[in-house]
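A lone chain, given as structure tokens: the form predicted on its own.
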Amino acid sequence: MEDLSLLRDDRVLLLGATGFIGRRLLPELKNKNIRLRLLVRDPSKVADLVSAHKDIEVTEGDLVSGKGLDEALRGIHSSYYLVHSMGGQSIFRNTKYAEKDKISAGNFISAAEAAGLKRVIYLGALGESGKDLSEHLKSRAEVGGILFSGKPAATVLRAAIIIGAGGASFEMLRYLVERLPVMVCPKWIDTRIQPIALPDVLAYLVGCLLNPATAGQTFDIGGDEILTYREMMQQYAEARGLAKRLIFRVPILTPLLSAYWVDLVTPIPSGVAHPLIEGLKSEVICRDKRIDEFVGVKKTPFREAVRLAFSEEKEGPGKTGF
């Protein structure tokens, strides 16, 4: 069996370095003295990251067109795949995001096989397969399947809502609670969810790279608490020292109407809110805890995760990273 261990001189490709997770993961990897290469559409967007850390290579390219992929993958040991689309500013412009993600994953895995890439690590989404699964969650699962179909040994981490400043799901929660002491919400308000703190996600991502035994496996990752969206709202209010929110559930708000409501109250555009809200109709909780046998992470409680998110001053309210 091939040894997939990362050696000192090996280089790792980070896809999605400008995104919500990628920008936070990069310094965590550099703290482990991991040599990095980034593939980005616009190198100017990572100039600050590159200048702050030594030995980072940057390749200009695009996953949808495949431009720059061969150059980016040359001599790479492992790659993080932290790329996914969330729709446009408007609901009526977000219908092609799943197809774009499928094309991007296909281009990547073809180039990765040709380059002899050993491993790929993907952050996907929790959600059981079935007819009720939202298009967004189906797309995330489809990308994971494409990455698993290639020769590089894939590791897929599946997470529900990630609690961290700049993430679309967290910003939606934040603005709803901050701005609305009284809310009329649809039935998804009582869907069970297993959120996870951003630092815990980063710890799992780094840990999987450093433990080759995680290769070729899919893991669910989440915090220790299973909460409804209603409970997350109330705990968020408590963590922020706000008065308890009055939340009323009604059956008439469809995902479409809910998306327009979120668009009105928060900085999350309806084209992004709609796939997120569609996903809230499905229960998303961890079905196994095998990941803890490979990567030990001390779970951050939900209220503490909220407080940590607010400590990221640079990201601030409304600075979303989706």
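For every residue, the number given is its place in the sequence shown, counted from 1. Only a predicted model underlies this, so the values are computations on that prediction, with no experimental measurement involved.
This protein has a second form, the form predicted together with a small molecule, left out of what is shown; the following refers to that one.
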{"query": "In the predicted complex, G19 touching the small molecule (heavy atom, 4.5 Å)", "finding": "yes"}
{"query": "4.5 angstroms heavy atom contact with the small molecule in the predicted complex for K30", "finding": "no"}
{"query": "Contact of V64 with the small molecule in the predicted complex (heavy atom, 4.5 Å)", "finding": "yes"}
{"query": "Partner proximity in the predicted complex: A165 to the small molecule, non-hydrogen atom cutoff 4.5 Å", "finding": "no"}
{"query": "Partner-facing stretch of 237-245, 154-162, 207-215, 173-181, counted where any non-hydrogen atom is within 4.5 angstroms of the small molecule in the predicted complex", "finding": "154-162"}
{"query": "All of L39, K45 and H84 with a heavy atom within 4.5 Å of the small molecule in the predicted complex", "finding": "yes"}
{"query": "The single option of G150, P186, G124, G223 touching the small molecule in the predicted complex, heavy atom within 4.5 Å", "finding": "G124"}
